[in-house]
Structures are given as C-alpha cells and as structure tokens.
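Here you get one chain, nothing else, as structure tokens; it is the form predicted alone.
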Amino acid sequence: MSSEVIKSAVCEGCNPRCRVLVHSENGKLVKMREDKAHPRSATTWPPTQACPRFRAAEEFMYHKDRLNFPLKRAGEKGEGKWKKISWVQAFDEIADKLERLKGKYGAETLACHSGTLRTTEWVHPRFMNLFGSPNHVNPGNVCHAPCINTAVAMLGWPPTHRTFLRFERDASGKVTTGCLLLIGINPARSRPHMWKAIRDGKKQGVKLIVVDPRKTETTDLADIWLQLRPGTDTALLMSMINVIIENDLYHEDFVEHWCHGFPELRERSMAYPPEKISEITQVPTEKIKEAARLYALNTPTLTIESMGLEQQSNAIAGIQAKFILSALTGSYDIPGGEYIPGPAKCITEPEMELREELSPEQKKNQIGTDRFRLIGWPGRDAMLPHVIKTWGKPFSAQRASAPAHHPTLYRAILTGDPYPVRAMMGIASNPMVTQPNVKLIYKALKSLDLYVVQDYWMTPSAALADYVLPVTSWLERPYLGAGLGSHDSILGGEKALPSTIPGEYDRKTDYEILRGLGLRLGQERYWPWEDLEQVFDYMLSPLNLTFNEFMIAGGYESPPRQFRKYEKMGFGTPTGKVELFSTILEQLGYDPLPTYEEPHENPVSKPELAREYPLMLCTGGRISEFFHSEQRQIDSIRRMHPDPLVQIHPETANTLDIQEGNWVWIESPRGRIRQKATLFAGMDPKMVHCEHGWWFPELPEEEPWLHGVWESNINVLTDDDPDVCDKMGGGWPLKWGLCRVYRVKEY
C-alpha cells in the first residue's frame, strides 16, 4: 500500500533558492506546493506557483531526454554515438586517464568548467585543489564575482542585498531606505522576489533611480530613468560622484572617520563634470545632477548593480564607483543601508574548497590571472589575510573562490601556451552556448585528449565529450548553503526523490561523482563522507546539529542583524576603512580609483568598422521564462517563448524593410546568426538587443547540427579577445559591440 511522503526541498531552477514542499508516492513525484511556513516564502517572495520552472518540475524530472546512465563515446567526437557503461567502469577509466595525463604534463593539464549554481558548487574546486590544478573556470568573471571581489577589496566583505533585497523597517513598520539606485538590472524580469520588495518599498516612499539603456518595467517605476549610451556606466556614476562632492552633499562624518582616500577621489572626480559626461553618456546634464541630488538627499541608500554593468570591459571601475556612492552617503552597515553580514556560523562553502591544499607554485600556474589578477588567486591571496583577521573566515567569489580566466584558458588548450591543457571536466554548464566566441570554444573542446561532462541533458557541449555522466537535479539531492560563504544565513533542503530507480535511471550527485574519482586518485582522506547528508552533518557541527536535526528545526538559520559592526572591528581591508582609494588594487598593479574607458567596439572607438556594422549590439537581458540557456527542452515553457527574439527600433526596422515577426540575420565581425524581429521603441534607434542562451534540443545532436548551436546563439557573434576584457577582472564585453541586421530571404 502506497503512502505519501512530503519533503521540504530547495528549488535550484534559478538563483533565489525558494523552499518548496514536494509530495511523492513510491518515489514518484505527485505534486509540489509553496512552503509558506518558510521565512523566505510568501511574505517576501511572489507566489512560487507563478514560476514556470516550478510548474514544470515534473516535466523536467521525467523528461524523455534526461541523462539517465553513464555514457562513453562510441564514435568520433560529435558523431552522436554512445555506449552505456557502469559507474564503476566510468570512474576507473576516467581516473586512469587523468592520472596518465597528470604524469605526462603535470596536474595543471586538467581544467574544469562549471555553471550558474546548478550543483553543489564547492565540490568542484575541492576536487581541483586536491588534484593540484588551479584551472577551474566559471561564469564568475561576468557574473557576481566582479561585485564580490571589488566589495571585498573596498569593504572587506560583500553586502547582501543584490541577491536577497530586504528593506529594513523601523518600529512603526516604515521602510528606512531613502533611495534605491539600480544599475543594469531589470528585476521585473530577472528577480521577482526583488521586484516585489521594490514595489512595496515604492509604496512606502523609497525613491528609485534606474540606469539602463532600454526601457523596461523597472524603468517605468523609476523616479528618474537614466537612459545612457551602452558601456558608459562608469562615466555616469563618476559624474554623480562629482556632483555630490562638489556640492558638499556627502556624509562628512562617515567619510572623515571611515573612508580612506577621499582627497584622491575628489581630485579624480573633477575630470567628470556633468556637462562633459552628458556628451559621453547621452544623458542630459540636468538629469545627471537631479539623480545625484535625489540620491544624496534621500539616505540611507541602496545601490544594486547586475549583469548590465558586470558584462563590460570597464566593469570593475564601474563597480568601484557604485560602492563609492554608498560610502559618500554613509550607508554601510546601518538600518536601511548596505548591510554587511559577515560569515555564517557553520563550516562554509569556501572552507570546504580546501584552498590550502593547492600549492603556491600551482597558484602561480593559474592561466590568465597573471594578467587579470583581481578575480583569480593573486587577488584572493591579497585580500584573504585582512578578511580572515576581521571576520575569522574566508569569503567566496561565487562558484569557485579563485577561477582561472575563461578566454585565456581556451586559447591555452589550442596553443599549448603557457603549457598543455589536455583534459577538461564540465559540470552542469554548457560553454558552447554560454561563453563568447563559440567557434574558438568548439575547436578547443574538440582538440582535448579527455573531455568529461556531468549534466542533466545532452547539450551541444556534452555532444563533444568522451564521457557524459548523469548528475542529480535539485529534486534528487539535499541542499545546504550559506550564500556560497558570503551570507550569515544558512538554508537547508531535503532530498525529495530517489536518484536511482533500477531500470529507469541511475544518477549521482556531483559530490558522489568527484568523490568516486578522488578515491581512485589517492585522495581517500579528503572524502570521508559517503554522501551529502554526511557532509552536511560535518558542516553544521559548529552548531551542534546534524543535518536531520537542522531540517526538523526548520532548515533555516538567520541571526538578527547587528549594525555598525565596523565601530568595533573596522572593515576587513588593509586600512580598516572603506577604501575609496583601493590599496588592494594598487598592490595588484592597477589604478586604485575608478577611471572611465570608451568601449573597444562602437561607433566612437571604431568609426570605420561602424560604417560596415552600423548598429550597436547588446545582449543578456533576462528572459523570464528561461534561466539563461536552460529549459529550452521543456515543452510547457518553450510554448510560452518558442523563438529567439531580437529587439529592433521601429525607425531602424522601417529603413531595413523589416517587419514584426520577420526572421533576420544579425552579423558581427565574428559571425552570423538569425533571430526573429520584434519591434521595440524603448531604446536608441542605433541599438539592437539580442536574446542569449539559445540552442534547439529538438534538432539533431550529431554534427553539423549540435542541437542548433550555430543557428541563433548570440555568442557566435560576441568577442572574448583578452585584449578587450576588463583589465582587472577579465570579464568579456557582452553589452556592446557592432553588428548589422538584414532580412532572411524567403525562398
């Protein structure tokens, strides 16, 4: 006789980590519903039922195309021929090949790419550190790591609100934040929980300033919309700093006692008067002044940037300016301002990575971070002593604490410079779709001696692998996280469904997979726990709780907020203050103050190229139905958004004889793809915006199709040349470039 089982799980369909109740019978999913008893539920979140990924969970779990058993390539790479093998055979063969390659070339010959928080993220760097390789890459250079690392360099610990916006309220229930500045983010599409908080805050009188080149639902709600020319964010923010300083609108006491480098900042800001910056940004002079005054006169302030700023080659400087603005208003670690939490009380994710097992010599061998030093080991090692002295624990840069540089790594695979990189492991990520310069990625992956992919699906990247291993989804594994080590709260979720049903599927967690390899590679002492529940018992040991006890108690730990901690402990920086003038960046050999640089490929910097490619190409705006390149094979979601769309201004479309719904070619100096035109007047007529993440699982796996990776994938057009990446963080430019657009001929 069957009996219903209800588990409280953490959904990892996107980043917010909603808690949901999963009902099952005899190991099969019956239904799911929102966990309304959880603190991060209906009171701060919109209803979970509104999320298409939540509604499609059963479709995802039992999809006919899910990877179910380990596969070994049985033909040429990309030929689509596979042989099902056992886990024992997979572990034995992969470990043997890794050991042989390590013996021939050294441990650094192994690289690893991982994705956007789809698995237990600390496991991958742990395995790589134990193997002895520093070459773990991830989206961090253009996704959150610029914010995290710049925050640590300037503040000694990152504020929390970008992931989980929570307005502080006074005793009467009134929101205490005065002004919210959003830069390059549209939470109405990308972060529904944040969007709910913003709308509630607006009703309470919070002022809203939005920086975005495109009109969005968020700009519609703004008190001031700063519609700037793409790529000029740093100039705009520095001009706001200029207005605040020149008009003595800054918080004099906080700046005098808790900021380092104000005289140098004042001098630097003099180069950014609104009259001059208006010509650069195309934002009217008076609007820059109005925004700066509104921001400075409505404190405390919150300033949130996202991918629109981070995916530029002037990103770190812009993020510096963002943190400087909050410092000038004295908004750090006070009610209503930028809360700096410090670490959680458990053993955190960065502590699990075993960074101490990677030798100093191997850190120096990390590819690309001799040049892009802030995000990788040089920057992390420069910041860690000050952070640990203040907080007692390391911070996390998200996903892997010190990643190598993606574009430089793929070039090393092809050239052997600075040394041979002959093996790669891919973990729940799809670089053939998510990384720039797809043609180079394709050549690099095809050339590897060993390529192993752990994933849910046979993606275009997995189609080029030697081994493909089925990894569990969030429904099939437990969860425990403390914001990847940057938050003080701890969230847990139970394993809701079995990962193995004999004859149907046999999937493993990424922990079990990498442990299985580690045991065969002489790492036995570092993998003492058989499964994640035992690991979580260890991580919760400082709280004297087992994972089961933690979940019985509610599965959530969030201490009361304590403000102005810096008055007792200072900031975790070399000076103990907020570093407007960053001594960490100076130590790393960079400009310690923000400086604007013109984008490398636009009508201003490349006027001759612009005659051939007259339109500015922008990409990366979030599609609310999907999470980046995921969910394209989920029919219920795909019906909601079946085709890749390019936004074209009606005036431009008219000159090009393009109508709504026409398929058009988008061509850059690097390639050509096609998407379906949608007319949109909320941007500059010289700009087009292309959707990202597109591939077509319904198309054949084998070459030349590779699930349609060449059809509409915007990264066929984007640039990853290290010379155009951010000088400090190594991020590649996705928010601007040059292109031309013309109709696809109908035959």
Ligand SMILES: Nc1nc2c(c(=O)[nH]1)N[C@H]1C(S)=C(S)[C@@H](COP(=O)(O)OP(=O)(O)OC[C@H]3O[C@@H](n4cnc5c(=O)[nH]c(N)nc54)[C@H](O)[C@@H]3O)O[C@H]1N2
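Since we're looking at a predicted model, the values are computed, not measured. Note that residue numbering begins at 1 and tracks the sequence as displayed.
Keep in mind that the form predicted in complex with this ligand is missing from the display, and what follows is about it.
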Inset, instruction - Mind telling me which stretch in 354-362, 103-111, 147-155, 309-317 gets its heavy atoms within 4.5 Å of this ligand in the predicted complex? - result: 309-317
Inset, instruction - Report yes if all three of R73, K446 and H707 come within 4.5 Å of this ligand in the predicted complex by some heavy atom, otherwise no. - result: no
Legend entry - Sole residue of I185, M383, L532, L545 within 4.5 Å of this ligand in the predicted complex, by heavy atom: I185
Inset, instruction - Let me know the one among S486, T434, S401, T177 whose heavy atoms come within 4.5 Å of this ligand in the predicted complex, would you? - result: T434
Inset, instruction - Verify the contact flag for P134: yes if a non-hydrogen atom of it lies within 4.5 Å of a non-hydrogen atom of this ligand in the predicted complex, no if not. - result: no
Inset, instruction - Decide whether D333 counts as a contact residue for this ligand in the predicted complex under a heavy atom distance cut-off of 4.5 Å. - result: no
Inset, instruction - Flag R477 as yes or no: does it have a non-hydrogen atom within 4.5 angstroms of any non-hydrogen atom of this ligand in the predicted complex? - result: yes
Inset, instruction - Give a yes or no for K77: in the predicted complex, does one of its heavy atoms lie within 4.5 Å of a heavy atom belonging to this ligand? - result: no
Legend entry - Interface residues of 407-439 toward this ligand, as seen in the predicted complex [heavy atoms, 4.5 Å]: I427, A428, S429, N430, T434, Q435
